[in-house]
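Take a look at this single chain in structure tokens; it is the form predicted on its own.
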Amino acid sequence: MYNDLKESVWKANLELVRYGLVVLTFGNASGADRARGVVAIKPSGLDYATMKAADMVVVDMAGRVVEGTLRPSSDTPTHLELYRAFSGVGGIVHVHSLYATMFAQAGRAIPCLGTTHADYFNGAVPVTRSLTAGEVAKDYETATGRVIVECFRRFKPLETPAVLAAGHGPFAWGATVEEAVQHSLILERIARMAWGTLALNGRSRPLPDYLLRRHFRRKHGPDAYYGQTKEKRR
């Protein structure tokens, strides 16, 4: 019934392995079908090497399994909190990639130090506050999603398509699950670049706002001019 959605989410999860963003079972990707009100996500703890498209678990927006025989990822409540809050998001990725996770563990946002960062993120990649003991004890995964939503009261999710959950790791998203994978890969790259830049020069300053805006807007929004138009691609 949801074969196309499950296929795309399965392929997205395999891309995380191909790009070196996950080891063992440390990660998950999900995709939403907004029209049908469902989300497909990787099963909990399943080995990527043996995983099949049919293994993907489909849940509704309340978290009830509507298709699949395996348990969905333990991070499903976090994904659902983000889908409910961020209406334009159609795919979410959570990994524990090395450099982005180091920034998350340090409780430090990734500053926009160069134009590579500005091409995809409209400013720093933010870090959430730490969860309280009560939040962790009550409903940890749901609280993780809520603290991300709380953090994004000051940001536009599709202009800053990633976050660092403090002490935990990165979440990235996009209009599609394929775009979410791309943003996860770019996030890890800019985290590594920022780490190296700050190691070389601890006094490095963020990119001037006028240059950040120019680079972001030339790829995004109504005035974007990077790449080819749809007509020229045909």
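Residue indices: 1-based, along the sequence shown. The structure presented is a predicted model; accordingly, all values stated were derived computationally and were not measured.
There is another form of the same protein, the form predicted together with a further copy of the same chain; it is not shown, and what comes next is about it.
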- Message: With a cut-off of 4.5 Å between heavy atoms, is residue 23 one of the residues that contacts a further copy of the same chain in the predicted complex?
- Response: yes
- Query: Quick one: is residue 81 in contact with a further copy of the same chain in the predicted complex, heavy atoms, 4.5 Å cut-off?
  - Reply: no
- Is residue 37 close enough to a further copy of the same chain in the predicted complex to count, meaning some heavy atom within 4.5 Å? no
- Query: So in the predicted complex, does residue 193 come within 4.5 Å of a further copy of the same chain, heavy atom to heavy atom?
  - Reply: yes
- Task: Identify which of 147, 113, 127, 89 has a heavy atom within 4.5 Å of a further copy of the same chain in the predicted complex; exactly one of them does.
- Result: 113
- Item | Triplet 108, 120 and 211 all within 4.5 Å of a further copy of the same chain in the predicted complex via a heavy atom | yes
- Query: Going by heavy atoms, what in 66-82 lies within 4.5 angstroms of a further copy of the same chain in the predicted complex?
  - Reply: 69, 70, 71, 74, 75
